[in-house]
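One chain is shown next in structure tokens, namely the form predicted alone.
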């Protein structure tokens, strides 16, 4: 049976009437980016079949009674002021063998009055049936008939393996949850018949044993002792029953602990990688902090060096030369003036010396000299000396000599203000700094180079930290770990390992106790038989032995059949696993279904030598689970031809390398599949391969795009979804 089409009227983001997607045999793909309506389309399928939609807010499925008006398009609700409004989804199924058709429709309605919504309490579900596709459809009203049709389209026991969303893969095949795989095998095989056979065999053996015991008591030579032994036997049997119950519980706990250890062992390698990367990151962060501190210090020093290293003098060489020239001129002029003053002084001294040789100072006394000047006659030689004549002036020099001498005795300043010392000090400082100025360029270059080196080191360390951070993010994405989770894994592994050891010790103890109880029971039974007088009826002995053998055979047969199914499942899973991983070059290994102590099975990946591969990434683990899901279907023979696989984002958790392999594999396993995927949305090369690869049995391919551009999705009152066929 295949799905011919789905029609959506005002269902969630599929606003308006007449939204129709037709399907054919092969792989049908709905391509859309995140938030484009893929999951709502999956909800539409699920709603029709199970009256449930997935609530992202509640992280759970909710029924029509809970979802109510949320099922109806916001755009449709915004456009109606008064009237009746419905969300409806109709799926048409075609049984190709019988050419019969079933049309399943679910509808939910509201009444809008002046913009106010009145919700119905429940929806409507109708089934139309065509016995032959070209005949008119008639409505199916019988409840049992409706249930039978729904179950024939999608049997409840295999629903989880045929209709699922990507994130559900983990829980559908959660090998760490007790007997997930065992349960799947039971559901998808006829193994339950063997379970019924075991029940019958156990009941028969029990009845025969009871009858046998009755005869033992009847033929006993010591009925009192026989009764005591009978009581003892019953006590021992009850004890053995309790011990075996305890053994089963311990076995389950041991299996869970071992499974958890196994899971953690795989994650442990990833956790160690994360831990190593985190440690490297911490080291790099430390180096970066030191480098930044050093760079900051270097930048501060760089400014200080303007003064400390005299960089401020850069370009002042000409000023120093100019100052030296000016200072030289000043010194020359000063020396010249001093020389001239010296000459003048020497000349004065020479005059004074001459005068000193003529007459002593104040000789004659100044009064007499003044008389001579007044009389205009030398009183020494009695010669006339008219005023202002040479003789009169010579006499007058005698009066001026002491004053000129006194004046000449004072230090005569060459310049008005003498800065020679300061100017010379400046000159000497300049001379001292001149050699340093020559080194300023190289000094600055060295400092710039030092700073550049530090900045380069900072860039390199930042780059290294970015690469480490990217590795961490990739590793976390691949392993589905968190930074905190990775840190805790080693501790948890240690705890689970300890638990496993303790449970194993308990199991050994209980096994020993059971063996001891069974030994005692045998002794009691032997003692009871020894009390028998006469012979037990042969038919009764034979009956007891036959029913006991029948019980053993039933159990061993069931184990053999089950183990054969497991082997078949393992082979199928490996075939699908190899097909899906063919385009990837990483180590993939082989799926091995390992039997646990409690009888359940758990998959592991081994290499060609049988050694477990540790450190599997999430992609590998999900692929193993998808392989197991497909194997469960394909191992049943024609199951893939009977039912349609519908899955939303099944490949979102593993790389694009696996996507084509996944499409090829489901092309082989299922007659029809409908996949919602974003992997083909932006990758044109991948999309082309999907459409043209001859190994992919392609059906119909569509793209879906929302009417509202990204960034404006907060307003959904105008949201609709455009459906475009690509082939």
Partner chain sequence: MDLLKRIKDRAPEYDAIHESLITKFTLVQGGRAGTSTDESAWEQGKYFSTKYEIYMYAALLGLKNDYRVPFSKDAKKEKFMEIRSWQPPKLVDYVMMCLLAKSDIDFNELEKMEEAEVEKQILAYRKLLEEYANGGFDKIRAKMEAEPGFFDSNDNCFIDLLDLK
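Residue numbers count along the first chain shown, from 1. C-alpha atoms forming the largest set that superposes within 1.5 Å between two forms make up the rigid core. Bear in mind that the values here come from a model prediction, so they are computed numbers and not experimental data.
Although not depicted, the form predicted together with its partner chain is the subject of the following passage.
*Asks:* Go through 208, 85, 514, 423 and name the one with a heavy atom inside 4.5 Å of its partner chain in the predicted bound form.
*Replies:* Filtering the options by heavy-atom distance leaves 423.
*Asks:* Which residue, 483, 557, 231, 337, has a heavy atom that falls within 4.5 Å of its partner chain in the predicted bound form?
*Replies:* By the 4.5 Å heavy-atom cutoff, the listed residue in contact is 337.
*Asks:* Of 153-161, 277-285, 463-471, 442-450, which is the one stretch near its partner chain in the predicted bound form, taking non-hydrogen atoms within 4.5 angstroms as near?
*Replies:* Of the options, only 442-450 has residues within 4.5 Å of the partner.
*Asks:* Can any non-hydrogen atom of residue 323 be found within 4.5 angstroms of its partner chain in the predicted bound form?
*Replies:* Although its partner chain is absent here, residue 323 would touch it in the predicted bound form, with heavy atoms inside 4.5 Å.
*Asks:* Does any part of residue 372 reach within 4.5 Å of its partner chain in the predicted bound form? Heavy atoms only, please.
*Replies:* Result no; residue 372 lies far from its partner chain in the predicted bound form.
*Asks:* Is residue 139 close to its partner chain in the predicted bound form, meaning a heavy atom pair under 4.5 Å apart or at it?
*Replies:* Contact with its partner chain, no.
*Asks:* I'd like to check something about residue 561: if you look in the predicted bound form, is any of its heavy atoms closer than or equal to 4.5 Å to a heavy atom of its partner chain?
*Replies:* Residue-level check for residue 561: no, no contact with its partner chain.
*Asks:* Could you tell me if all three of 46, 169 and 181 have a heavy atom no more than 4.5 Å from its partner chain in the predicted bound form?
*Replies:* Judged in the predicted bound form, none of 46, 169 and 181 sits within 4.5 Å of its partner chain.
*Asks:* After the core is overlaid between this form and the one not shown, has the C-alpha of residue 160 moved by 2 angstroms or more?
*Replies:* No, the C-alpha moves less than 2 Å.
*Asks:* After superposing the rigid core, is the C-alpha displacement of residue 93 2 Å or more between this form and the one not shown?
*Replies:* No, its C-alpha moves less than 2 Å.
*Asks:* Does residue 318 move appreciably between this form and the one not shown, meaning a CA displacement of 2 Å or more on the superposed rigid core?
*Replies:* Shift of 2 Å or more: yes.
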